[in-house]
Structure formats: C-alpha cells, structure tokens
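To begin, one chain is listed below as structure tokens, in the form predicted on its own.
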Amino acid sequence: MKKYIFDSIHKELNKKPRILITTHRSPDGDAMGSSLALYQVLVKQGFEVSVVVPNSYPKFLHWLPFNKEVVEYEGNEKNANTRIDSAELIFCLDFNDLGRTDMMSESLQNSTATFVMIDHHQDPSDFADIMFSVPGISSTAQLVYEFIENMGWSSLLTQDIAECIYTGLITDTGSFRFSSVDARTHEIASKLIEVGLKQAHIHQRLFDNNKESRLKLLGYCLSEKLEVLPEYKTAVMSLSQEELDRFHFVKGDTEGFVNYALSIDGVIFTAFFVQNENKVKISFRSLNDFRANLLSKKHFSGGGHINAAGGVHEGSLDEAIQKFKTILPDYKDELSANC
C-alpha cells in the first residue's frame, strides 16, 4: 500500500474535522459493511461522524451494528443536507464517481470538504482529493481493513467492526468464490475471526432469512423468465413491475438472482432486467475475461467490475431486452473466446 495516501489522511484527521461517510445509491452489503466499519473506528478515535446514504437498502442488512446511525438522504433531505454542508472531510466508499450517489450528487458537488475515496472499481474519476483506489481487489471492505491496519488502528478492531467488514467481504465475493479473492482476502477473514467474528452467524443473517414470497419470486423467475441464448453463451432474465407486485416485492428481494443463470453449463454472460417505474435496472455477470463493465458502460450508462456490472435503460422493459439482444452479435467472438 502507498504510504503517502495514509500520511495524507493522517494530516487531514489531525485537523479534527467533522466527518461524513457516504456510499452509492441502493447500497449493498459491501457499501453498508464498509461504511459502518469505518464509522465505528472513527468514532472510537473521538471524531464527530455521520453516515448518509442516498436511499434505502435491503432489510437483510439492517441488523448491522450501528445501522440506526445511518441517515437515508431520500425522504430526509433537510437533515442529510445539514450533515453534508457541515462536513469538513468526506469519505466516499465503494464508488468512484459522484454520479453514483444519484440524488445526493449535487449536494456533494457543492461541498467544500476534503474528499477521500476508498474504492475498488475500475476507471475512477478524479473528484476526490485523496484516492485509495485499488481496482481488482475483492471488495471495499477489504480496503477498509487495509486502511485500518495502515493507519495503525488494528487494536481498535472489535467483533462489531469485524461483522461489518466480513459482511462486505462475503457479499462482494459471492462467499469467496469470485476470481477477485486472493490469499489476503482469506487472511483478513482469519484475522476477523481472531477478534471474535462468528462467521456462521453472519451467513445465517444474510442468506438464511428468506421470505416465502422471495423464494416464490425466484422460482417463478427461473422457471418462467429464464431465456438461454446458446449462440452467444448468454442467459437473460427479466421481471416486470406487474410480476414484482404479484410476489409482493420489496427492495432487496432480487439480490443475487442474476448469479443463478451464470451457473448454467456453457453460459458465461448473464443479464437480469428489472422494471423500475419508467426505467429498467440491469445487472450483468460474466466469467473469465469477458468485460461486462465495458458493455454496460458503452450501451447502458453503467459500469462496475470486469465480471459484475450494472446499468440502466430509460424506457420499457421490452425495449431494454431487445436492445441487449441487438448488440450481442457484436460480442459473439469475444464471448466464444471466453467459453
């Protein structure tokens, strides 16, 4: 790790600033785990800290330690803007462009605070004053652990902090199965267990708390909405607003659905389309060296990791799926080469 990055952060912290921690819209396990782990460490150091996120996040993450300290910008704009305006140091976790904060981006752009980015996505923009950006690392949670260690704060690690970091590790690595996992990822998990982490308990809270309606939605999606395109080594799934309503959808219910299609023999690329009012949210997953993030960035105003990306289509669900199928021939050779 580059020492000057941590020296620069030490210099800013020596000013005893009011601190804000934020992350991307629709925060996931890595975003929330990283944010709440960093929150706890900074509070232990005596700082005044706020955590403000753009909007709501899945209820299966609400058990995280200090979750009640989180302010959702959407619906609480006055409170959130007060915290943003008063912040003198802003940590931006798990995103590399202010546009990823959606409805918060204008307030952040108007801030005079010093910005610190801690992130692992490709192609970061240059909005941050200090960048701890390491594309290819398994998760932002892994970087937060490295940050804590390099700042000399390892003695502050507690079971609560370990639970937050571990949540980020396992949700962004598919429980340690993605290619971004390295020996250091497992070493960090081991160190978290040493400070009291009960890993089986975390897995149970994250993955073994399904509602009946969510399992029925998954079953419907796999049995009725899965389409395999063998000539492109690709699988497509989609859900309309009507279908979501039929299964009493709540935020987070479709988390991980896109990965099921990727388990089909011969499929190396999957796309999952979900209608969201007048736009369509898209999740992409891929295997090997097929860059899902580049396809998403070029055609669906998205981005992300090489093998895990997201995008959006302004229009109908059918239009989004048709657009996707229309561009697949341009990637046929690349998809075949990665099979």
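Remember, it's a predicted structure, so these values are computed and weren't measured experimentally. Numbers follow the displayed sequence, beginning with 1.
What comes next is about the form predicted in complex with guanosine-5'-monophosphate (5GP), which is not displayed.
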{"property": "Contact stretch among 66-74, 309-317, 53-61, 33-41 - heavy atom within 4.5 Å of guanosine-5'-monophosphate (5GP) in the predicted complex", "result": "309-317"}
{"property": "Partner proximity in the predicted complex: Arg291 to guanosine-5'-monophosphate (5GP), non-hydrogen atom cutoff 4.5 Å", "result": "no"}
{"property": "Arg100 within 4.5 Å of guanosine-5'-monophosphate (5GP) in the predicted complex, heavy atoms", "result": "yes"}
{"property": "Any non-hydrogen atom of Ser286 within 4.5 angstroms of guanosine-5'-monophosphate (5GP) in the predicted complex", "result": "no"}
{"property": "Any non-hydrogen atom of Asn276 within 4.5 angstroms of guanosine-5'-monophosphate (5GP) in the predicted complex", "result": "no"}
{"property": "Those residues of 25-53 which, in the predicted complex, come within 4.5 Å of guanosine-5'-monophosphate (5GP) by heavy atom", "result": "Asp28"}
